[in-house]
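Two forms, one protein chain; structure tokens for each follow separately as structure 1 and structure 2.
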Structure 1
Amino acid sequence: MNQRVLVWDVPTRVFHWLFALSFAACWYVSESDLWLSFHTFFGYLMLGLIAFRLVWGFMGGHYTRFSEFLYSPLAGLRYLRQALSGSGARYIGHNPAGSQAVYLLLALGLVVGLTGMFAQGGEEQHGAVAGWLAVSTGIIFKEAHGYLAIVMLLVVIGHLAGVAMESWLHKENLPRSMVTGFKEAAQGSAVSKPHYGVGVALLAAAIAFGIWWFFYAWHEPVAKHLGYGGAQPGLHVAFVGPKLPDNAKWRDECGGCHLAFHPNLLPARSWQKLMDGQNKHFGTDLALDDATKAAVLAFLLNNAAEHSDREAAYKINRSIKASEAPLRITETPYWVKKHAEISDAIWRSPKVKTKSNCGACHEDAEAGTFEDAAMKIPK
């Protein structure tokens, strides 16, 4: 005689679906700079969920506790072989192979989330560990983050395949049981407590985090991002990084004719060469007196690419040979590579016209930060 028993308590089900949503959302927007803030949000949410699950593994319902599905990898492989041959036993909770997927996903989720956090803190200089790492170290974490995410995706695919096989083998709908929490079990089988209060609290915490993130990360009024107030329309978030050094004389002299390109976008030798040739500055004589030239040059040299901790500065500087001193930012190898996919039609657009019109696409061009999420190509 079987009975319908509660296997998966409410907090476990809330965790499961929020965790799945977080990973899927992170993967879906991972290639878009415009949606970087959403990728980051779901990454932090995933880390918070994992922290909860680690605690709930000792305090949760009967079938949720780690002690109830603590099988060795060898036992998992043995069960997998049995299941593939059609002879795998039915488990009310996690089977030995499924338990390995749970542990792998928790471990990989934790490592993927942490490497992402350190990549953001180093390369982007944002987030919980902003400023802890150099840009170069952040790039290493970013590479690791990407490879580990691929491994996690493969484990997810294996997990889904296992769920499908187990559902077919034992003629039961496992995904539905993770929605309802119930399964058929023999009389006298252990029953989990629902823990409604903890489940509601977990869901409320996730929603509260989303609301807080919305107002934290968007920085500016929502109306502006919806296209009001003169801003370009679009539901993306432009992270605001550390404010760069500024200088009134530099901004007056260099910004009088064009955008005042921040010194961190070229190495010091390029700025030195530009200022040495100020009497023939792209066909124009700047006619700066000695005092003004000295003041502007000092600011340019002190804040050049090799002295900056910004991502754009680091990558531009790394792309230029030590023997070269380009005078145009648009001729640096990194800039060329980064803009290679932009069509000629965009460059000829009335909203762009020239490659030096950085403000046409970069909302923070004047600030000189050139954040990934602050870029939007005009239609």
Structure 2
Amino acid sequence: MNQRVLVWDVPTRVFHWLFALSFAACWYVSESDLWLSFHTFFGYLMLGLIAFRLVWGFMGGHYTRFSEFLYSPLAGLRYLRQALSGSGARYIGHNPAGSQAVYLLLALGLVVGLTGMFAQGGEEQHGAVAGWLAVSTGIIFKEAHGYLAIVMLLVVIGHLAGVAMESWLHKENLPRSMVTGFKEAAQGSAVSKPHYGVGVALLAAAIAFGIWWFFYAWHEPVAKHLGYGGAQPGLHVAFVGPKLPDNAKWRDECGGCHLAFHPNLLPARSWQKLMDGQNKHFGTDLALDDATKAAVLAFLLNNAAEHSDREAAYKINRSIKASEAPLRITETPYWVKKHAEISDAIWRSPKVKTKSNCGACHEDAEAGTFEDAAMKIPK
């Protein structure tokens, strides 16, 4: 005589679906710079969820404890072979093959989340570990992040295939069990406690994190989108990052005739050459007095590309031959490569007009941060 027993407690179900949502959301926007803050939010959420699940594996309902599904990978393979031949036994909790998916997804989620965090901390100098790593190290983490995410996707696909196979093999709807928590089981089977309080707390924590993140990273761009600032249609989610060194004299002198190009966009030798030639600055005599010239030059040299931890600074500096000191940012090999795909029509459009008009596409050109997410080609 079978009975309905609660197998998956509330926190485990909340965890499962939020974990699935986070993974899907991250994948969905993984190629979009504009949605980087969205991607990052779900990455942090995923890390938080995994941390919870690791604790819950020792404290949760009967079937969610690790001790209930401690199967070796070999046992998992053996079960898989049996299942494929149609003779796999039915498990009320995780079966030996499914357990491998649980462990792999938790481990991969953790590593993918952490590599993503370090990629961003290094390459963009953003997030929880901003400034811990150099740009070059961040780039390595970003590569690893991408490959590991693909591995995780493969495991997710394997997990889905396994769920489909098991549902068919034992004529039961496993996805529904992960929603309701219940399964049919023999009289006297172990029952999980629902743990409503913990489940609600987990969901509330995720929602609270979402609300906090909204005001941290989304509120301003969304408000801009909805009305003020004359923003272009299309949800633009610029990401919040650290501010760069600023200097009133530099901004005043250099920003008088053109965008005050941040010093980190050229190496010190270029700035030195540029300021040495300030009396013939692209055809104009800047007529700076010695004190002003010295003050501006000091700011430029101290914050030049080689002294900056920004991605653009690192890549621009690395692209210039040591024997060269370009005076235009637009002549640096990295800039040229990065803008190669911009068509002539865009350069000629009245909203752009000149290559020095960084602000036409880079919303944060004045700040000098040149965030990936703040880039948008005007229509």
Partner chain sequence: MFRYSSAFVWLGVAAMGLTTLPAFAQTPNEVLATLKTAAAGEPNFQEFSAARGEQFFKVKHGKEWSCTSCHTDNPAAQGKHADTGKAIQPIAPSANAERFTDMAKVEKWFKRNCNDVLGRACTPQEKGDVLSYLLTVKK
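Everything numeric here is computed off the predicted structure, so don't read it as measured data. Residue 1 is the first residue of structure 1, and the numbers go on in sequence order from there. Between two forms, the rigid core is defined as the largest C-alpha subset superposing within 1.5 Å.
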property: Identity of the form predicted alone among structures 1 and 2; result: 1
property: Threshold 2 Å Cα movement between structures 1 and 2 for W335, core superposed; result: yes
property: After fitting the core, T284 CA displacement of 2 Å or more between structures 1 and 2; result: yes
property: Is_shifted S323 between structures 1 and 2 (CA, 2 Å cut-off, rigid core); result: yes
property: Rigid core superposed, the C-alpha shift at K249 between structures 1 and 2 in Å; result: 4.7
